[in-house]
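The data below hold one chain only, encoded as structure tokens and taken in the form predicted alone.
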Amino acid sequence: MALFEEQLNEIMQQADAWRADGLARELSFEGREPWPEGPSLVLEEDTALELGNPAVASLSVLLWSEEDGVEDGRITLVGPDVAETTETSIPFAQVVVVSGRFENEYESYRDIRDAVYDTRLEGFSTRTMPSKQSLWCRVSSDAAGRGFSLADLGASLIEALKELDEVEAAEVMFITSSAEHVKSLTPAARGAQRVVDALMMMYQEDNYDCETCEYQDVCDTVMDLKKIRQRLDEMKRGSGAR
């Protein structure tokens, strides 16, 4: 099993179900000028819309695939866009999926993660809490008045990801419909985080003793993690032999 195969299948199946029910739609970026980049701090008093307040529901997921199946440039929205809600705070999930060739999984994941987290748009502030897989965002009144859309955010994320050598295709899904819809992806998100944690430990630790590792259960079900561990162990032994 590939690194995120199980979680990717779960999320894609849920997205297809939402599309079949008419709850999901694709946002078009055609004809829109790229939203200006720049550092942005949106204060509470300047906020038109808050997305992903942890008290409501918030989720950020990053997955990759080394196979086909990612529709390059697709931006999917489940729920209202910025200009389509009268609420001041709504649930928010951001799911980023890329495909490509990731020879060094550790560095590739960091590159992809940083490309997402380093995306900065005028009038749109983000507060990330990776350990909790949450993303708390604010849209300023000025940006909302100028027509800021989640299509702008999606296009900026995809553009940043496509600048990475290892990324061949990228798509983004946003969920703003309900806390229940956001939370329905939590099991897949938690599973993906366990895979990432296991991956990071392999690259950062010198000990590859599976018997003492807290992620043994993950490696037992994800074949690619076993292959990575074996490769790193062989590299370590080879280096020691020289």
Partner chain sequence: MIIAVCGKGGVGKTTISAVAAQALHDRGNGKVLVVDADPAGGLSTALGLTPKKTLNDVRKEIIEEIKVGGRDEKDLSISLDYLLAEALTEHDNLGFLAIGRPEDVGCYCRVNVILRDAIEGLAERFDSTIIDAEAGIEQINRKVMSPVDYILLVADTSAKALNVAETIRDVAHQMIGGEGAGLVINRAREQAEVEPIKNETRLEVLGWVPEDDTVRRFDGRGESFLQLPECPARGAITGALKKAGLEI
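From a predicted model like this one, the values you see are computed outputs, not experimental measurements. Numbering follows the first chain given and starts at 1.
From this point on, the text means the form predicted in complex with its partner chain, which you will not see here.
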Close approach of residue 102 to its partner chain in the model of the complex, 4.5 Å, heavy atom: no
Do residue 71 and its partner chain come within 4.5 Å of each other in the model of the complex, heavy atoms counted? no
How about residue 134: is it within 4.5 Å of its partner chain in the model of the complex, going by heavy atoms? yes
Residue 28: heavy atom within 4.5 Å of its partner chain in the model of the complex? no
Is it true that 54, 130 and 200, all three, sit within 4.5 Å of its partner chain in the model of the complex, judged by heavy atoms? yes
Name the stretch, out of 167-175, 72-80, 105-113, 141-149, where some heavy atom lies within 4.5 Å of its partner chain in the model of the complex. 105-113
Would you kindly say which of 67, 33, 180, 45 lies with a heavy atom within 4.5 Å of its partner chain in the model of the complex? 45
With the partner omitted here, the residue among 118, 87, 84, 163 that in the model of the complex has a heavy atom within 4.5 Å of its partner chain is 118
